[in-house]
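Take a look at this single chain in structure tokens; it is the form predicted on its own.
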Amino acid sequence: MKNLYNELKAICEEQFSGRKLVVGEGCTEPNLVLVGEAPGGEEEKQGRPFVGKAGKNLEEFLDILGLKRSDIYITNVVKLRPFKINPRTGRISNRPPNRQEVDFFTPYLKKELDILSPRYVVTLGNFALKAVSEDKNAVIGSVHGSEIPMPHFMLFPLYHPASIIYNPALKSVYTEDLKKLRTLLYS
């Protein structure tokens, strides 16, 4: 994995000078890999995935599954923080990754998954679902909480934990999906 990240770091220094790369972390022989969209401000600051607001929901996710952060591998599709600058205030804020960013980083995500060889890949939200499934028309609302066979692993899509922050009605759906995943992991 180190070679992959060194290669990616060299390329990013050329193409995205001055930007901080946030690579995956965790168990190197995981049963489960968690794939998010992209790092946010706190992730960029700490250089670690899922440590910001959505990271707090990750703790609940792991509790429901009966896992620790060190039991899984956590990564994102895009390895740099997508941001925008408010022209009036100069304030930096997160934005969704654009097509160029997703297309650039998806081959590295695929290499990560090949190296890790997990039993399950859990995607969080539409961006991760589309990148991992290679289905540009996939919609999380239609496939969340279901097993999707892929050539080398089972895909299990979930809503992004941040979606619960913005839509509290999804909390019960998300919790039920996690209970399904827990049953699968321990069967």
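Numbers follow the displayed sequence, beginning with 1. Keep in mind that what you see is a predicted model, and the values were worked out from it rather than measured.
One more form of this protein should be noted, the form predicted together with a small molecule, which is absent from this view; the next part is about it.
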item: Non-hydrogen atom contact residue 144 with the small molecule in the predicted complex at 4.5 angstroms; value: no
item: Partner proximity in the predicted complex: residue 157 to the small molecule, non-hydrogen atom cutoff 4.5 Å; value: no
item: Heavy atom of residue 122 within 4.5 Å of the small molecule in the predicted complex; value: no
item: Non-hydrogen atom contact residue 38 with the small molecule in the predicted complex at 4.5 angstroms; value: yes
item: Candidate stretches 129-137, 39-47, 148-156, 25-33 - the one whose heavy atoms come within 4.5 Å of the small molecule in the predicted complex; value: 39-47
